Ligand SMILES: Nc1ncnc2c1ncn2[C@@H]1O[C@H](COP(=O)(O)OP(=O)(O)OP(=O)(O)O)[C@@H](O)[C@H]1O
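Below, in structure tokens: the form predicted on its own, a single chain.
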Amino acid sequence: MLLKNSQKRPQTAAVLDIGTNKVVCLIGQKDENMSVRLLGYGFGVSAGLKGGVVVDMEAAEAGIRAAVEKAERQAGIAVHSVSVNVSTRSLRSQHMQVQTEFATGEVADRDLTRVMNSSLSELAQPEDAIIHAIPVNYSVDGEHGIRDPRGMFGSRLGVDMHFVLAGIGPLRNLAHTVERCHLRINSATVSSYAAGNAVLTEDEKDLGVTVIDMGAGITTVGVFRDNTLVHVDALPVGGQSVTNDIARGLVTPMEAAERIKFIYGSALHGADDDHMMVPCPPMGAQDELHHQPKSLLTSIVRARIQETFELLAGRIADAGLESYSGRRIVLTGGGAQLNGVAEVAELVFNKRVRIGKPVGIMGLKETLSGPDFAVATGILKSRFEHSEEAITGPPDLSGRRYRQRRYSGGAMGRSLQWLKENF
């Protein structure tokens, strides 16, 4: 069900994927064929985030500035506002059913707006900000599962809303960091939601699929069903956790552990792992280069990857979505590029697994077509699409925008409000 969005869609847009290891800036444009064309891109080193949360504002700012400046030079466009991703451990889903009565016999746009506004006013979470407010389905006079009730007749309209919430504190720090770069935030999108928009087919989103975005500092999950995002979750573990484990297990510096992971890392044991030796640089200047069998490295990597998937599988089951989420898992993010990750996911989830690569952007170079760029491309695509959501624009970090009661004042105030909504 597509709601008409009063906000005019832009012809040119810039997006930021702010991760733990890197910042990606993409600038795109809607062309005459109604497709999205990439105009410019830039990367920056991200050294100010941990687990999706800003811990060093100056370092994070430097990474954002570097990525945006490179994209601006390539596109020949000055960027003043951006759409950003959100991936913090505080991400969570909340569902709410709201019903309202309407005066006319036929459901109109104003009735949909009113029932969704009612759900927004009923949601009182002083420590959280609403990132997404998605109508999953509607009901008319108790008949549920309606995607678009406009034009139907009845007297009671209900909506099942899916709210995606995140802690206000980390969002404020992220927004302030972006503003220090003299940029304004247009909108925010959960990373797994954006990744799904970039890599999923319509059939996958309709029948049920789970997207797992494996970032460096955090892993986010998005469950899709009936072409709608129905659940999100996040774990504060990612590719950086694997690197930390390698550094400890092989007694080698972090930079060396990252290189070892990239060159030799695998979650699957090979026939020659016991005989192949991995060179491990020393921790101190007085130590000597030492070697460890690749089997030890593989055991370290597999243990962390398997534990992460087992935790996610348990949380999906606890949410009651194990069967509802379908029979397919799609992996995105830098961690999805590690050898053997898909096979371990198939073992843990007992579902078909594939690596998701972004599609739907013209001019996307090969260097940007991997699963680690799914979030950025997904945000860019969404900037040119109609939104089904009840809210638009950046998240409300004041905590006041949606907490007003639907009816305020005395009897006269309620009567005036009713007349305004129905006539």
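Start at 1 and count along the sequence shown; that's the residue number. Quick caveat: nothing in here was measured; it's all calculated off a predicted structure.
In what follows, reference is made to the form predicted together with the named molecule, a form of this protein that is not presented.
Put simply, residue 338 is close to the named molecule in the predicted complex: some heavy atom of it is within 4.5 Å.
Interface membership of residue 52, defined by any non-hydrogen atom within 4.5 Å of the named molecule in the predicted complex, is confirmed. Under a 4.5 angstroms non-hydrogen atom cutoff, the named molecule in the predicted complex has residue 216 among its neighbouring residues. The named molecule is not shown here, and in the predicted complex it never comes within 4.5 Å of any heavy atom of residue 324.
Note on contacts: among 160, 258, 206, 273, the single residue with a heavy atom within 4.5 Å of the named molecule in the predicted complex is 258. Interface residue among 334, 196, 135, 149 relative to the named molecule in the predicted complex, by the heavy atom within 4.5 Å criterion: 334. Annotated contact segment (heavy atom within 4.5 Å of the named molecule in the predicted complex): 235-243, selected among 347-355, 248-256, 74-82, 235-243. Contact residues in stretch 364-380 (any heavy atom within 4.5 Å of the named molecule, taken in the predicted complex) are limited to 372.
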